[in-house]
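The data below hold one chain only, encoded as structure tokens and taken in the form predicted alone.
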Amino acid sequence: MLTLALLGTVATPLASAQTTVEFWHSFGDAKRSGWIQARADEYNKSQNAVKVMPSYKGSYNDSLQATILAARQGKAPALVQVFEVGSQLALDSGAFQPVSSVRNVDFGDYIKPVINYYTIGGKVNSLPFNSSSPVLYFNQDLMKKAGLNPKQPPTTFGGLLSACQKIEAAKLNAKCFGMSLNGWFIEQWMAQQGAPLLNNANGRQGRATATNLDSRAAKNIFTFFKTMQDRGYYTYTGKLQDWDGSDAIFTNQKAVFHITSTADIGNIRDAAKKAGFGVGVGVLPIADGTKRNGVVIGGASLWISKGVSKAQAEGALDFALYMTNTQNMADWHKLTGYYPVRQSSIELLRKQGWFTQTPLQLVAFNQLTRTVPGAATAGGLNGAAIQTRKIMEEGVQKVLAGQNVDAALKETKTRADAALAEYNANFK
């Protein structure tokens, strides 16, 4: 883990008339990185004062760590894509400045669940960019073969278990359910039950010092995994955070149900069409006996480095606002499945008849817009989030291997709380 330090070095302004803005992002695939490059090319051609230079810098974690190190050396990029759970670490690093310190920005057009996540201490520090949440994907053809109605996908853990019983009886040569083993889903299921993952209102009323993994909500989640595994209904690749591998299980028709991000709607839809089966999308199933509370935003936002010239900071913000304007966010959504983050973009998509043409997207939007604002759905702020997510994943993995739920939760909480304490020791 990086040793955090406040960074305040200001780079020397560029001598040339044109200001160069480096933009580091974490999209290595041709589709998304190509879209970003195209927007940069458009922006660069529209004016002569600023030249934006996007570049792929590895995973979210790799890119954030590289940015903090570059900032220490006085070589920070002006604009950086930072994943949502990296927000506290980005804030604590001192490497970034709030976008509102560059110039006033009107945040009124942003979808509330999105802007709520990135509002920390009453201040919006970054511009929302790629935002997502988890949904249930299902193979309509296999559901029909098992005597299930694709128009009524399961919405609860119990409903999913009942569907799995029918799928098992139908002998489809496919598992009932698969998903990537990722801590993000645990955070989502805590929020759906109205339970903050962390104390101090999910780290938003004070630095988080402990997890709530000893709660009934956490036990419901771990018990769900154990039940699915014990009955032979669950499948995954055996690796942690294997998004692509888990998607492949579903698109290869080795699982009837699959939970993953809304950002994968486009890719999964295309893969299902190629494989010759109909795919449906439903809301994220939740624990029985709980009221649906809503989802936490995933994805990333755009941060502006502190250690750059005023011209670079202003250029970075100007490009970020261009890239995330109404039209561009609508196009981004169509290409990727990420939420378009702006209310005006949703209205534009509705006028274009997009949701009539692509009903899969409507389920995701309704799930997001019906989210109840609060500490649980605002998402947890935790500078050790990279570690605590992995610790939670390892805890579930132990349950899948046969460990008792209570024992696994106790061990997981102890380890996660220790990671929080170690991180927080930097700020005493």
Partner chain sequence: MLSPARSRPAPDDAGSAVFRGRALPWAFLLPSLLILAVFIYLPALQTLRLAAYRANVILGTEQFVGLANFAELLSSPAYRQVALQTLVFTVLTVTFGLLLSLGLAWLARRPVRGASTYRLLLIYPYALSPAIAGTLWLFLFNPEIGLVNQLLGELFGVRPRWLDTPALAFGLVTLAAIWKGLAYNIVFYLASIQNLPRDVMEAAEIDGATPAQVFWRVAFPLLSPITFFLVFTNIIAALFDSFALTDILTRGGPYTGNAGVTTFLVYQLYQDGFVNFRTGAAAAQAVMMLALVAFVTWMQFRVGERRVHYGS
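Positions refer to the first chain, counted from 1. What you see is a predicted model, and the numbers here were worked out from it, not measured in a lab.
There is also a form predicted in complex with the partner chain; it is not shown, and the following applies to it.
With the partner omitted here, the stretch from 383-391, 22-30, 369-377, 46-54 that lies within 4.5 Å of the partner chain by heavy atoms in the predicted complex is 383-391.
Of the heavy atoms in K171, none are within 4.5 Å of the partner chain in the predicted complex. Contact check for K175: a non-hydrogen atom falls within 4.5 Å of the partner chain in the predicted complex. Contact check for K413: every heavy atom lies farther than 4.5 Å from the partner chain in the predicted complex. Shown alone here, K310 lies farther than 4.5 Å from the partner chain in the predicted complex, counting heavy atoms only. Checking T358, S215, T235, N199 against the partner chain in the predicted complex, a heavy atom within 4.5 Å turns up for just one residue: T235. The partner is absent here; in the predicted complex, the one residue of R269, K334, R72, K145 having a heavy atom within 4.5 Å of the partner chain is R72. Shown here without its partner, the chain carries L64, Q241 and N426, all of which come within 4.5 Å of the partner chain in the predicted complex through at least one heavy atom. Residues are counted as partner-facing when one of their heavy atoms sits within 4.5 Å of the partner chain in the predicted complex; in 248-274 these are A248, I249, N252, K254, in sequence order.
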